[in-house]
Structure formats: C-alpha cells, structure tokens
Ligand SMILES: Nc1ncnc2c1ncn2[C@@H]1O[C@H](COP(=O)(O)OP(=O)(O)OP(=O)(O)O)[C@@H](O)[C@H]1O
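This document opens with one chain alone, in structure tokens, the form predicted alone.
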C-alpha cells in the first residue's frame, strides 16, 4: 500500500504524521519505506538524524536520472533503489530529500516526467508499506506523489484557514484521480493538534463530520513531546512508547488498517 500525506497548507504536521505512522508500521513487522519529496527534508532528518549531503543517494538523483535516460535504455528504478537508506530502526527505510529538487523541478515539468515515480514504485519490490511526504504546495513533486499513491491522508489543524484550504485540496485530489490515477482514494482527514477542551476545534470538527467528510476518529493532541522527538530524531513509539501521544498514533494506524 502506498500512502501520500498531503496538504497544500504548511505547518499541519505532514512530516510528523508520515514518520510516526511509518515507524508504527515497521514496529508491526512490515518493511516500510518513507519517500521524502519535501525540499525542507524534515522526514529525512527525523528518521536519519541528519540531512543527506550526497545528492547521489537521494530522491534528487532518481529524478536527475529520469532526465538523462537515452533512447537506448536505462533503468529509472535502479536509481530509486540506490537512494534507499536504512534507519536505526528495524524494517524502516527512507529515500531522503535534497535541496537539488528545487532547481530540477522546471526541467522535470517541461519533460513531462510526472509519472516516473509511479513507474519506479510499480517495479520496486521488498516493501509492504510506502509512505510519501510531500511539500506544502501543489507542485511537480506533490502531483507525482498523488499519481504514485493508492491512498491520500490529509492532515487538518483545526483553524478556519485550514478549513478553506481543505475544500480546495479535496478538489485537487479528485482532479488528479480523474485525470491521472483512478486508484487514488482519500483515506481520511487526520485531525492534528486537536485541543479537546477548546470550543473552536470541537465546532470545526463537528461541522466537517456533519458535511459527510471522511474525518478519522483517531485524533492527535498537541504535545511538547513532538518537538522533543524531532530534536532527538526518534519517532514517538521509540522515544516515548507509553505516552498518550504514542497511543493516539497507534489508534490512528489501527483505524486506517481496519
């Protein structure tokens, strides 16, 4: 199963959700791969403890290879395989991001390489679950991820601006599904930074549910433990396995795997 975590609004917890769901997947015994398409590289740093300086072992190298294929062959999939890094955690792997993604974007768009990630993942073997982190904007990389994925998870952080962005985002996903990827489904809206005692978050979530939107029951609370886990580059199930927040992520994981 390939899941993309996507929102065109920044600061909604995409990378945190991506890495923590992937970490639980790995703990459950599934060989799990995270692909970091966000130029900021937050998922890369979270899982590896550092950014990757050598672009030849990142997702940037994969996309560069797609631009250099000749008429006489070349295998884009091998470029993806060579960019896979082991993390410190069993069954958990990552294809790191790199700043070179930014200057590559225009060339990739002009050469219509939007299906290359999907083609490579169709050939990639050895993984039970793939999670794709995306930039907080609809660009070449986020569209590539939506085309390559089966399911889309949408983080939502309970404010009025996020609500307006949510409607636009869901329309975008529907358009990608109609035009490029009939398998793509919105798996659910993840309510993040949910303050259960505050009126506005309760109201917004209730209204979304009343509208029939696919809001997931498992919601993620705000906690300083998230920032702490970022600072030590340890997903929550490893950093604070018995904490309430880790239990919330386990509940979220269980819900999407019913």
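Positions refer to the first chain, counted from 1. If you're wondering where the values come from, they're calculated on a predicted model, not measured in any experiment.
Here the subject shifts to the form predicted in complex with this ligand, a form of this protein not shown in this document.
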- Task: Would you mind picking the one in 64, 30, 230, 57 that has a heavy atom within 4.5 Å of this ligand in the predicted complex?
- Result: 230
- Just one of 214-222, 47-55, 22-30, 198-206 has heavy atoms within 4.5 Å of this ligand in the predicted complex; which? 214-222
- Message: I'd like to know if residue 241 sits close to this ligand in the predicted complex, meaning any non-hydrogen atom pair within 4.5 angstroms.
- Response: no
- Query: Does this ligand come within 4.5 Å of any heavy atom of residue 246 in the predicted complex?
  - Reply: no
- With a 4.5 Å heavy atom cut-off, would you call residue 188 a contact of this ligand in the predicted complex? no
- Heavy atoms within 4.5 Å of this ligand in the predicted complex: does residue 9 have any? yes
- Partner contacts for 32-65, taking this ligand in the predicted complex and a 4.5 Å heavy atom cut-off: 38, 40, 42
